[in-house]
Every structure is written in C-alpha cells, then in structure tokens.
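Below, in structure tokens: the form predicted on its own, a single chain.
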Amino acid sequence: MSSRAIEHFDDKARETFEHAGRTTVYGGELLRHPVYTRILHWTVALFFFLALFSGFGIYLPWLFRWFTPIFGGGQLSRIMHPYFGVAFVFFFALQALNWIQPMLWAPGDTRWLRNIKTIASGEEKMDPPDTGFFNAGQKAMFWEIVAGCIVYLITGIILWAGAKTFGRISVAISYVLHDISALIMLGGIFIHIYLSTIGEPGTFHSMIRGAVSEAWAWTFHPAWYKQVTGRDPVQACEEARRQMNAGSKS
C-alpha cells in the first residue's frame, strides 16, 4: 500500500470517527490524539488483554484456571482465544497504518537511546530537542508489537489448524514462539503503562481526552511542540517559568 493510499485511508477514517466524538482543546493545550486514534488504541488494548487472559487459562491452567470462568469455561476460552487474537492483530494493523509515518526511525532516536539512562533518571528536565511526536522508546515498542503481531499471526494459524495440517514439529515450535512473543509483549505493556502514568505524567490523560498541555509537549516532545506551534520549546518553558515566578511574587 503506497503512502498516499495510507494517508487517504487515514483521512477518511479520521473524518468518519470525528462525527462519533469530539476532542475539546482548551487554552494552553494542543491536540495530541484525535478520536479515531483513541478508539483504535483502546480497542487494541481491549483485545490484547482478552487474548492474553484467555491464553493464560489455556496454556497455564494449573496457575490461571480462575481466568477461564470469565470466558464461560475452559472450552469456550479455547474457542474465543484465536478470535480475540485475530481482532487484536487486525485493529493494531489499523493503528500501525495510522502511525506509520511518525514511527519511522530518525537519527535523533539513536541519540535518545544513547542517553536513555539520563532521561529515565530525570537528570534532564526536558527530552532531547529533536524528540518528535514519538520518542525512541515508544517507537521501539511499536516495532516490537509489529514483529509480535507477525509471530502471533503465523504461529496462531499453525496452532489453530493443528498438527494434521502443519505437522507436530511445526505446532511444537509455534507453541514456544507464541508464548515467548506473548511474554515479551506483556513486559513491554508493563513498561508502557509505567511511562504513560508515572514516567510521563499527562500521557495517559492525552489518550483519554486527546489533548495535552503545552508544558507536557515542550517537556517530552520538544520537536513536535516546535512543529505544531512554531515556538522554541526552551524559550516557551523559560517564559512560562518567568510568568509563574512573577505571579507568585505579586
């Protein structure tokens, strides 16, 4: 699919979903995630956890058998699990098309990873000035999920069809790869939840309301802030600090 076709598809989808909801942006805020993006994000999250929990009950029943009643029992869990997985891959594919352009790797992302210890420790109050709409950590997780979805889809089809179609060796290998991919993705989700709440306060809020404060933008994504406002993020931060100090003195 060409980039122009993807953009046309995204434009039509965004236009359609904007009629189903509205994003209110107040003064001092910037639009971060439109309705379409937010609906895709939470739909992907829903089917990921449905697939995860139903899968736990199937592959580790001695430990997670208390998950299966949620899905109507072990047999129904086995029936529903592949459908949950297909839905997860499908909706993430739509999100991948939606985000493919800002997720492309850039030279600044390599520098971001080299300085990840400083960034994570909070020694630097602002992310590197060339951090765009997504930082390198978010991009790495995105491409990990892309790879994971490919593994899920291939191994899931093999497991779904069974040994009669693909042979016992293929099924045995698929079980291992399927489980390893799920564990890697689960670890990434824990990191994602941490960064979207404690690590970068305001990020979770942006996926609920769709808007972020300018302070959040110039702190965590300064290049994106400059792109959408035309203002220098460092100067904007200093100006806001001066206004705050002047307000506290008056």
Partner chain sequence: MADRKTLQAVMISGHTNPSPGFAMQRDLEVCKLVDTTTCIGCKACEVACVEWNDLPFTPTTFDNTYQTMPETGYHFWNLIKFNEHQNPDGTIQWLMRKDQCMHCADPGCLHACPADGAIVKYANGIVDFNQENCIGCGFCVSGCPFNIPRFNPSTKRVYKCTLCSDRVGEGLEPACIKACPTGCLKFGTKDDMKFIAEERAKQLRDNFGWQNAGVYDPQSVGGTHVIYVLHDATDPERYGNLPKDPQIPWSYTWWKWLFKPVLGTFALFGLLGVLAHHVTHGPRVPQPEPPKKDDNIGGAY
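Positions refer to the first chain, counted from 1. Predicted model, so just to flag it, every value in this text is computed and none were measured.
This protein has a second form, the form predicted in complex with the partner chain, left out of what is shown; the following refers to that one.
Do residue 218 and the partner chain share at least one heavy atom pair within 4.5 Å in the model of the complex?
The answer is yes: residue 218 has a heavy atom within 4.5 Å of the partner chain.
Do residue 75 and the partner chain come within 4.5 Å of each other in the model of the complex, heavy atoms counted?
The answer is yes: residue 75 has a heavy atom within 4.5 Å of the partner chain.
Even though the partner chain is not shown here, does residue 89 get within 4.5 Å of it in the model of the complex, heavy atoms only?
Flag for residue 89 set to no.
Using the partner position in the model of the complex, report whether residue 130 sits within 4.5 Å of the partner chain, counting heavy atoms only.
Judged by the heavy-atom cut-off of 4.5 Å, residue 130 is well away from the partner chain in the model of the complex.
The partner chain isn't shown here, but in the model of the complex which of 113, 120, 150, 104 has a heavy atom within 4.5 Å of it?
Of the listed residues, the single hit is 120.
Which one of 66, 190, 204, 42 is close to the partner chain in the model of the complex, taking close to mean a heavy atom within 4.5 Å?
Contact residue from the list: 190.
Quick one: 126, 186 and 198 and the partner chain in the model of the complex, is every residue within 4.5 Å by at least one heavy atom?
Yes, the whole candidate spot contacts the partner chain.
For the heavy atom contacts within 4.5 Å of the partner chain in the model of the complex, list the residues of 142-180 involved, in sequence order.
Sequence-ordered list: 159, 163, 164, 168, 171, 172, 173, 175, 176, 179, 180.
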